[in-house]
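Okay, here we've got a single chain as structure tokens, the form predicted on its own, with questions on binding and movement later.
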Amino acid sequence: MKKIVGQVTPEEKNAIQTLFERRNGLNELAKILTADNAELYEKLVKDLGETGVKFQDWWDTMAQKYQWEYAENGNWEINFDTCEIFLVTPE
């Protein structure tokens, strides 16, 4: 089930969209990079970790700021076109 629980500003949306795109790009790079290049591999792992923390921090901060509804087995999603936040739960 998916229901609207809030909305963020365009600036807030831009911040999470940048992190989302970076995380996706790093995940794609991780699929093709091998541990053979240890220096680059370590940088990728570090960057993935830092980006993941920033990504989660954004969600935590916005959830606290806007007091979004939550569910134990649910997660939030954002519509980048409308800035709407959805709570997604199993049916």
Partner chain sequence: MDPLPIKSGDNVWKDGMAKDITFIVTKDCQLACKYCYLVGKNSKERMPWSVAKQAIDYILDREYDSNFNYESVVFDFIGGEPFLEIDLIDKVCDYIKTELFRRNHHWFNSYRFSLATNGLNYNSSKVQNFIKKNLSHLSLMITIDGTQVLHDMNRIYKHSEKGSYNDVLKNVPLWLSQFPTHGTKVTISHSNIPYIHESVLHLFSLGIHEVNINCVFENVWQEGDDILLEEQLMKLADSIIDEGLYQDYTCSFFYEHLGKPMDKTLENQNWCGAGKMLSIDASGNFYPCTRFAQYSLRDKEAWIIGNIHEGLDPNKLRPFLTLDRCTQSTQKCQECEVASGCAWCQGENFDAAKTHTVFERATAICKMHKARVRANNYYWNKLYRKLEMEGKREEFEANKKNVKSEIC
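Every value quoted in this text rests on a predicted model; they were computed, and no experiment measured them. Residue numbers count along the first chain shown, from 1.
Although not depicted, the form predicted together with its partner chain is the subject of the following passage.
Using a 4.5 angstroms limit between non-hydrogen atoms, Lys65 is distant from its partner chain in the predicted complex. With a 4.5 Å cutoff on heavy atoms, Glu28 counts as touching its partner chain in the predicted complex. At least one heavy atom of Glu77 is located within 4.5 Å of its partner chain in the predicted complex. A residue is said to contact a partner when one of its heavy atoms sits within 4.5 Å of a partner heavy atom; Ala71 meets this definition for its partner chain in the predicted complex.
Along 39 to 70, a non-hydrogen atom within 4.5 Å of its partner chain in the predicted complex is carried by Leu40, Lys43, Leu44, Asp47, Phe55, Gln56, Trp59, Tyr70, in order along the sequence.
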